[in-house]
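One chain comes next, on its own, written as structure tokens: the form predicted on its own.
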């Protein structure tokens, strides 16, 4: 049994004051000048430490307040209030919500799993992954002494394909094509976000993080020069067309036409593994099947940043992954190809849910920017100054924040696998029987309601 894989995290302090969900509003007009003001009774002394951050124009009390609401309830004239911060509500969009962004900040800062003492505040149903629940049938008996205890849980996955059967020659030895696999210790790969201006410092930090995690960073061939030379084996250069593979890399990604044979691409490149990128559009299952039959053993399916089809926002990547997986299963070639999905991977739960739907691994892209305190304000796309000056972030800090984020996601993956009674991440692929889908439950429960058979009486 291989050594147990652990992600070693360490706190990485924020470079800027984070935007909090709520803030203190204290009105002075109407104050009774009480002898003992509720502000002086604050057990956390936040009013005494209060100040204005001139660089960000943020009131420091918003980050210091522990939300005990003692001052709000104790003021006799009700002059102190807690309200939702408009800057917080303006972050992100409907998919990348402020709550998701703030959780990513916390995980990147601490490397810990965010826990809400008030219970789960999110939706119990919705589009995409929100309409999917994992089966926690083993929750009554998880691992004996925690996720890092004596019971071994493997999160390793293989990149590449295997043959459906072994062939033996007359000498009794295995014959046929060589089985080539590339294993990584967790089903998460890093990827440079599309259409975002990324500084060399950030790319260097991401490359170092990929090396520490033992995974790969997909980056443009031109941008990869910013990565340290020691990290080159952990880079996946993105090549447009038939471009020669850079030296020292083990796998490349290309948009090479799936209708052509994979060997014609490999003949001009030194990389042992080629990952074909396909957009998640209508009919993606047929394109993936054609690419697999053409010899591509690693296929990357790219969805939109909001987790939907690129040509139809009404279709979610969850359904696309299931269609691709089932199409390969019906064709009898599922084990001959590795499916990696990207787009909309915003939370730790999206990793196991993608695997259950049929993916082998996921690419994390936009969440890498959020880990660096990005607010997804879009100012970089408009050539406006970044409010958190990400281009000045030092590479060691970037690497530490990414390792913390992936470490927290890895721990949550172990929690789910332990609760499901699954000890190998490769067994999660396509294990749809260990999940519940709202659409299927809703159909089986209510599809017969309202039907009336001939001869029956309605009371």
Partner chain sequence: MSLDWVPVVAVFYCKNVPGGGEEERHAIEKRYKGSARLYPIPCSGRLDAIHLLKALEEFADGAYVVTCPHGSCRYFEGNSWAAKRLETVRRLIESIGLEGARVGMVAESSEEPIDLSILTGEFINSISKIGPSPVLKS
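In this text, all values refer to a predicted model and were calculated from it rather than measured experimentally. Numbering follows the first chain given and starts at 1. The term rigid core refers to the maximal set of C-alpha atoms that superpose within 1.5 Å between the two forms.
As for the form predicted in complex with the partner chain, it is not shown, yet the points below apply to it.
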request  = Establish, in the model of the complex, whether 29, 90 and 383 all lie within 4.5 Å of the partner chain, using non-hydrogen atoms for the distance.
outcome  = yes
request  = Using a 4.5 Å heavy atom cut-off, state whether residue 415 contacts the partner chain in the model of the complex.
outcome  = no
query = Is there a heavy atom of residue 25 no more than 4.5 Å from a heavy atom of the partner chain in the model of the complex?
reply = yes
message = Although the partner isn't part of this model, could you tell me whether residue 52 comes within 4.5 Å of the partner chain in the model of the complex, counting any heavy atom of the residue?
response = yes
message = Check residue 86 for me: does it contact the partner chain in the model of the complex (non-hydrogen atoms, 4.5 angstroms)?
response = yes
remark   = Per contact check vs the partner chain in the model of the complex (non-hydrogen atom within 4.5 angstroms), the hit among 78 to 86, 123 to 131, 362 to 370, 278 to 286 is 78 to 86
ask   = If you check 379, 180, 232, 197 against the partner chain in the model of the complex, which one has a heavy atom within 4.5 Å?
value = 379
query = Taking the rigid core as reference, does the Cα of residue 39 move 2 Å or more between the shown form and the other one?
reply = yes
